[in-house]
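Here you get one chain, nothing else, as structure tokens; it is the form predicted on its own.
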Amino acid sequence: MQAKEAAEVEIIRLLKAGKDSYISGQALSAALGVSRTAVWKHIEKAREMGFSIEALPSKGYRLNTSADAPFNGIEVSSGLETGFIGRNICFYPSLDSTNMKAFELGRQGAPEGTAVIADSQTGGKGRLGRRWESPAGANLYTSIILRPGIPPRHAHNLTFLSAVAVAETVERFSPVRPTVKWPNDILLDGKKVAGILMEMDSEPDRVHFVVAGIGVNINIKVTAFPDRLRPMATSLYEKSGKETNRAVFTCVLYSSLEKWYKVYREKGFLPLMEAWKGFFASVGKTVTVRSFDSVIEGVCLGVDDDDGALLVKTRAGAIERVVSGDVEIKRDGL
């Protein structure tokens, strides 16, 4: 298991707080409770991980903030303001799937809030068995372990929780307000910018843990998408015309996820649904819902506040409650 290096994280945090000023080796030594030689070793390790740290014998150390910051566990950890989400980060340059790794760690007893991040995935997973395209150097692929202590029938609530957190974060960085496509795809101008895959380990009467897998298209350009995805996918870069700092985005996402998780634990599901509906734009539109054994077409009436089921009025006038499936939103009416 790869975890954050506490000394390097604290050094980067202190150097960032210095705002381009030099911090003496003695001050860093006192703050970390280690020798100045140990400080130098940690500085060298941080440099090896991509941080540009200047050193002057008479002044100390300074983080060169004009240089591109690396995207790694130390950079993310140094910017976190959460209490538990992401406080244990396992970062990998490449993985088959962050969800698979998080599931493995969850079964090994990893604490709640443990986050797995990969710069790229070779087997990224989307909903309904689809592949999530995961090139390096562009996006965010992360999975977070949650231990909510709820029965399995309520685990679906965390899907809406994660969707609210992702939509709220995307809104912070996008000039276009996101919408959610039931239950948890995040769209910008009708194209998918983020997806969520929830997986759980449970017994019939209790959930051991849930893995919230989140993929966000951040800096990928449309020309880098496979041909089959170009008509339906987008990124923050495509909407804003500029690159977004992935570490900053990740820290904001983890803060939002922790905030809504606390709301859920303290106040229940209804506040989540109210927040989720604030991003839902399909009411009154014609939808087609495909599940493994059926196809339902009709007008979307909204969602059930009790469990988030999609409510669809069919041509025959029946109201169907949909609890799983893939939704296609049509622009024409019935």
Partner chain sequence: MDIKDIKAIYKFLRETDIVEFEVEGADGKLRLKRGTAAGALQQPVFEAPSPAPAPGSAQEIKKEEAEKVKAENIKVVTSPMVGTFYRSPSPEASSFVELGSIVKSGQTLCIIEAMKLMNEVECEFNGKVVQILVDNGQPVEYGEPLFHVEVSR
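Positions refer to the first chain, counted from 1. On a predicted model such as this, the values are computed, not experimentally measured, just so you know.
The following text describes the form predicted together with the partner chain, which does not appear among the structures shown.
Checking R228, K221, K242, R107 for any heavy atom within 4.5 Å of the partner chain in the predicted complex turns up a single hit: R107.
A heavy atom within 4.5 Å of the partner chain in the predicted complex is found for exactly one of E258, E112, E168, D185: D185.
None of 199 to 207, 134 to 142, 249 to 257, 231 to 239 except one has non-hydrogen atoms within 4.5 angstroms of the partner chain in the predicted complex; the exception is 199 to 207. Candidate site formed by D307, E320 and V323: every one of these residues places a non-hydrogen atom within 4.5 angstroms of the partner chain in the predicted complex. Residue contact with the partner chain in the predicted complex: K101 places no heavy atom within 4.5 Å of it. Contact between T159 and the partner chain in the predicted complex is found at the 4.5 Å heavy atom cutoff. Mapping the unseen interface onto this chain, V176 falls outside it, with no heavy atom inside 4.5 Å of the partner chain in the predicted complex. In the predicted complex, at least one heavy atom of P152 sits within 4.5 Å of a heavy atom of the partner chain.
Scanning 271 to 299 for heavy atoms within 4.5 Å of the partner chain in the predicted complex gives F292, D293 in sequence order.
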